[in-house]
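In the structure tokens that follow, a single protein chain appears in two forms: structure 1, then structure 2.
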Structure 1
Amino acid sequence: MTTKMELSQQERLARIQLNAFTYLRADWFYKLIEVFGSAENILKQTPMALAESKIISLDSAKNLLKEAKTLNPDEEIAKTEKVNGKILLLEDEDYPESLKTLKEPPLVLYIRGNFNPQAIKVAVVGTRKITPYGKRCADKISADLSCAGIVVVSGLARGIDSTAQKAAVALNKPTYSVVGTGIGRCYPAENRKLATEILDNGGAIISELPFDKPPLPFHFPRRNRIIAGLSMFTAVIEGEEKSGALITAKLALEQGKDVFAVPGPIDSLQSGGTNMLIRDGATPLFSGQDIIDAIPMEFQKNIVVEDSKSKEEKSINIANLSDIEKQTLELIASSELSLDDIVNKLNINVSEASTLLFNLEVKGILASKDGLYSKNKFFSY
């Protein structure tokens, strides 16, 4: 439906302007172009004239023109350039090939930071309500992939998304965030620091939405198609049976891409979705190597062979632990335990248990949240 052609500057501005209407779907848009010749012409029409084309309803036409007119395209470009970003149109040479084949490709992409279309990209997504297990896994898989030179793509959301991207940033590796706001904003606000770190480490923040667009609920399922679209594979770490992560997985399958899922405990709500994916044929994901192995031969040359274990992980030497520490670890390995559980199971007092858990925590072996202790890092015996 797209024809190769150089767009005039005026036409570019008009298309950026029309993109302000967030419900504008690519297929409508190109049908409108066919009828009216150019985006510039579309903007000159009355809503009635647009509706007469029978492509969009009168209401949509009204909203399309109304929203387009509230956006100043020159300003959009200026703001984007100010943050060292760029605006790509679907017709542009460096617009990512993998998105062009989507059923609904984004008409406009705002990209901030350093985006490399050639890099091998894998989506690492999951629930916002992360469990310690999910945290360990996201951390490990993302670190494995990043070390192999694969770029982790995620959504900068709370939970799995930010854990995966933090892991990449911690290794100074690039990672791409496809966000549900304009690139001039950050949602959730607590990830502002992470967003800066992503940009500092050669990563990118990508959005199809106008520069200052606030986070609206319907933006998020739509941006998931871009996450899946940019990536070669999609890895779901944790997700409830009905969750955004599963939408991403479904979109990836629709796009004909392999989905990986981390198996989890069958009684964990957050693993309900991933376990279901595995039953439905997704590849169980045990480590980053599973994904690396699945990368087609022609791309294998891009894979860096590096020891994927982070420094911290290497420093954990289980053998050096005392007997009681090993015992504690065995208890905690299978589930989250509170200090009370340790007190009861090991038959020690609160004071002793405090010291025991503190030592394990500062060694980086355990992590605590809300009074519950769990394994901090992914390691096996």
Structure 2
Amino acid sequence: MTTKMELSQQERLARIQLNAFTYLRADWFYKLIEVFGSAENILKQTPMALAESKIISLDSAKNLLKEAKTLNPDEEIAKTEKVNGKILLLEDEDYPESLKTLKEPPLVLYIRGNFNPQAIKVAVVGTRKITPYGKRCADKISADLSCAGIVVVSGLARGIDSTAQKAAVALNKPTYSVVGTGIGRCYPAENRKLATEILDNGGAIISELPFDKPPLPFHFPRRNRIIAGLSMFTAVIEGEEKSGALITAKLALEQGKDVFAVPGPIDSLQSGGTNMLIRDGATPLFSGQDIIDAIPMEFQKNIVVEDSKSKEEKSINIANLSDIEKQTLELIASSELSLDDIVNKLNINVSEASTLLFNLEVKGILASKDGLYSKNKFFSY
């Protein structure tokens, strides 16, 4: 949308201020730039002068100037840098290229943590009303992608989003969260620990909103275009036919990107959206390998191929495992066991046993083949 240009510090500060107006679209902004010459000059105008440009209404002009002048851009920069963050403008060289081509690119990006623009990124999204089936799928697919060196991009929301990102974190892999608040907040609050773990594992939290912006309903559909824009593909795990995850899928398709969807039971509301996507042409998703196989050849060099002959044995600290996980390891240490074996020996139900075994497999502690579980030979404990 824009050509590369050097911005003065005052112009950068003015653009950060104007970005405080949540409804400011990129096309409006650059039309205003054409008329008034710079963001600095836009801030010097009266609401009437801005409205006379016929680009925005008088009410929008009033709110734009009010919100912009309420925000202190020097404080925004200081608070962002204090949390190991940075603020990127659309004109900056390290602003993500895939976002520059969006119909409505973010004018400003706040990035907290470590963001690698060269990494292969895949969006993994879905319903907040996650089912046990959806959890298993999100865990497995996210783990498959993370182990291949692909960065999972999601929204730090309840349900599928946080499940997918927890799976990456459990493997000490980076994952990127695009949030509907400023990067100085965490929503929902229950994911505060997850947000910290994401940053600790080399991931990033990303937003187009000012540092302390609270969550508002209209923020979340807008952030979905960034999730899709950053990602090579979008994978939808579960979602009703009118869920936010399907908005992300729609935006990805509008951006010319492939969408994958996990098929589910036809009588499950949470699989209604994914089944509809498949009916309408999305690629059925059965494992992370389906996505890995679809990555273009020129990017395949960035995929991590796990060769069992070259793996180094890794050590597991048993103290970090739960009591039931330790019991499971004791049972499996000397022989292969099935799901039914675990149910009977631990006296737990099938759902609990399935979740337990799956979590141990995602952590790389157990290996499974033909329905039997055994200790992963590349790990010691």
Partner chain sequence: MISKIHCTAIKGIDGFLVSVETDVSAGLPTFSIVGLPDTEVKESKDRVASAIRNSGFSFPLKKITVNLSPAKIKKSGSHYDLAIAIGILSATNQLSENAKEKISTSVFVAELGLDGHIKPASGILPMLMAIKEGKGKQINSVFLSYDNLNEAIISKTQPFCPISLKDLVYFLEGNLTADKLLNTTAAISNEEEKLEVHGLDFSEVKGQSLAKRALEIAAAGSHNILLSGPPGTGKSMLAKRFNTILPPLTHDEALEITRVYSVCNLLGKTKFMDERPFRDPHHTISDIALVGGGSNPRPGEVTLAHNGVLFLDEFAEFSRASLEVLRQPMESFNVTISRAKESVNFPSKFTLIAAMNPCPCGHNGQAERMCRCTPAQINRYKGKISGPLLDRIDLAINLNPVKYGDWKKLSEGESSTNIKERVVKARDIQVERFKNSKTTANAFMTNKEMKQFCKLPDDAGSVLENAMRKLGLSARSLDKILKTARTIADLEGEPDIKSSHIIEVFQYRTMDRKGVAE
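In this text, all values refer to a predicted model and were calculated from it rather than measured experimentally. Each form is matched to the other, and the largest set of C-alpha atoms that superpose within 1.5 Å is called the rigid core. For residue numbers, the reference is structure 1: its sequence is counted from 1.
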Looking at the two shown chains, say which is the form predicted together with its partner chain. 1
Given a core-based superposition, decide whether the C-alpha of L329 shifts by 2 Å or more between the two structures. yes
Classify L357 as shifted (yes) or not shifted (no) between the two structures, where shifted means its C-alpha moves by 2 Å or more with the rigid core superposed. yes
